[in-house]
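Before any questions on binding or motion, here is one chain by itself as structure tokens, the form predicted on its own.
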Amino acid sequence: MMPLRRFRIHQAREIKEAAEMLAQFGDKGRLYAGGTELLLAMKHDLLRYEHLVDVKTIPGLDKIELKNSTLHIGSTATHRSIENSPLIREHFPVIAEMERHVANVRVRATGTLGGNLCFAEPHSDPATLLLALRAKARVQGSKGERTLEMDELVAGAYETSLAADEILTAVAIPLSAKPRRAAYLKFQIHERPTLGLALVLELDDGQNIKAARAVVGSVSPKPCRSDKAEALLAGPRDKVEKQLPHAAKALAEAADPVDDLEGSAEYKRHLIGVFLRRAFDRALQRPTAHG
């Protein structure tokens, strides 16, 4: 293991100042939040930066609040604070449950949601679940603010669509006006998950599923959903149960799994079928998102 190369940490006092620093440093600078992934990559000499812009010092950027029927999670909120947030446990317990299984306690106490999303590691748990929950990313840079869908933010493996001076400031997750149930399951035997699968179901007053969002992660460069799969996951519950194998096949085709150290593409396709059924059963056992 190579020693860390020399670098400087600059502590920003506000978002505008952090954006200006990033613009000034260009390719030699990188945003720093929890640093759990970034510093490890730098230690192994996989990434090299002379300047790190620390945004944890910006007041309010770690805030978790509910306003206008939307849950807002600040980008520097740690996985641990999200896991333990009473607000999240009440309205989106599926998020708290997912966070409880991210890496280990040490990483969760230091790592941040924004850092996780912006590092765009293909095996990210939060990116997969947030896409299923229709979350949006709030971004700010020198040219102003904009909002991105989660699948727009994560462009590919270790790649986002953020401009060089843009900062992810918060993630916004809408509450549903309809009864909604959700589940997030993952399969992991090595350091990284082999599969992450998120399922969100909107229900009517009976046994009908009005709409569904199914997202699979860890099997390919970025989380993926399928309109065809989601159409098969809507309708009377007994009909949907019979269509689960077809929905899993459509989801696997859209994700197009790749062979890697976590498993073969064929193995991952099999897991998608197994875990979609498990997620379906889990989601309908109990409500996991506020309606």
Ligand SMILES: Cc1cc2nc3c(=O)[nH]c(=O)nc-3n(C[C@H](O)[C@H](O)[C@H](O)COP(=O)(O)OP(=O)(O)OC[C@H]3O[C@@H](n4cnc5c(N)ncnc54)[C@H](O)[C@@H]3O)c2cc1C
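These numbers were taken from a predicted model, which means no experiment stands behind them. So that there is no doubt, residue numbering starts at 1 and follows the sequence shown.
Beyond the structure shown, there is the form predicted together with this ligand, which is absent from this document and is the topic of what follows.
Per the 4.5 Å heavy atom criterion, this ligand in the predicted complex is contacted by stretch 116-124, the sole one of 129-137, 195-203, 116-124, 80-88. Although the partner is absent here, L168 sits close enough that one of its heavy atoms falls within 4.5 Å of this ligand in the predicted complex. Contact annotation: A250 falls outside 4.5 Å of this ligand in the predicted complex, judged by heavy atom distances. In the predicted complex, this ligand sits beyond 4.5 Å of every heavy atom of A212. The shortest heavy atom separation between G263 and this ligand in the predicted complex exceeds 4.5 Å. Taking a 4.5 Å heavy atom cutoff to this ligand in the predicted complex, the contact residue among V102, L185, I173, A96 is V102. Shown here without this ligand, the chain has R30, L31, Y32, A33, G34, G35, T36, E37, L38, L40 in 26-54 lying with a heavy atom within 4.5 Å of that partner in the predicted complex.
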